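In C-alpha cells, one chain follows: the form predicted on its own.
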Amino acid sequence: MDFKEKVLQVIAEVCEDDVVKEEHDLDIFEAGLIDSFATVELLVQFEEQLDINVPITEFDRDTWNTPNAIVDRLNELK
C-alpha cells in the first residue's frame, strides 16, 4: 500500500465512508463526512498510523478539506 492509499484509508476510517477513496476532490466538511470532533480524531490517527504529527494549529479547514489536499499536506510534513 503506497502512502496515498494509507492516507485515504485513515480518512475513510474516520469519516466512516469509503467515498473518499474514490472522490479525491470531495470537500469532506461540506459533504458532512467530518466535523470538529472527527478532525481531532483524524489528526490522532495520522500520528498513530502514519507517524506524522500534525499540530492542530497547522490544521486549516480550507486547506485540509479534500482527500487530495490532505495527502499533499501530509507529504509536506513527513
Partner chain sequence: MTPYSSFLFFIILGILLLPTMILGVMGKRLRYYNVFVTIVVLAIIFSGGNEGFFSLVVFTILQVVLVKGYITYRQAKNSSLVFYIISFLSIMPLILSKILPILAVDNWASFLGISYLTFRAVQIIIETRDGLIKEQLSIFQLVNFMLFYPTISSGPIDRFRRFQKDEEKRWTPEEYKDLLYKGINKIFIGFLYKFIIGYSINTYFIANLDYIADGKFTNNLLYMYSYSLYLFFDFAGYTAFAVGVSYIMGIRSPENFNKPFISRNIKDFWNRWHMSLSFWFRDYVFMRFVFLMKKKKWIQNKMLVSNLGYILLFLLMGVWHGLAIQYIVYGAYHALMMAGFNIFETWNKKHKRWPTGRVMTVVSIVITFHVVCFGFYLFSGKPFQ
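What you are looking at is a predicted structure, and each value in this text was computed from that prediction instead of being measured. Positions refer to the first chain, counted from 1.
This protein has a second form, the form predicted together with the partner chain, left out of what is shown; the following refers to that one.
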With a 4.5 Å heavy atom cut-off, would you call residue 58 a contact of the partner chain in the predicted bound form?
yes
Even though the partner isn't displayed, in the predicted bound form is residue 16 close enough to the partner chain, meaning a heavy atom within 4.5 Å?
yes
Decide whether residue 50 counts as a contact residue for the partner chain in the predicted bound form under a heavy atom distance cut-off of 4.5 Å.
no
Any chance residue 26 has a heavy atom within 4.5 Å of the partner chain in the predicted bound form?
no
Sequence-ordered residues of 28-65 touching the partner chain in the predicted bound form, heavy atom within 4.5 Å:
35, 36, 37, 39, 40, 41, 43, 44, 47, 48, 55, 56, 57, 58, 61
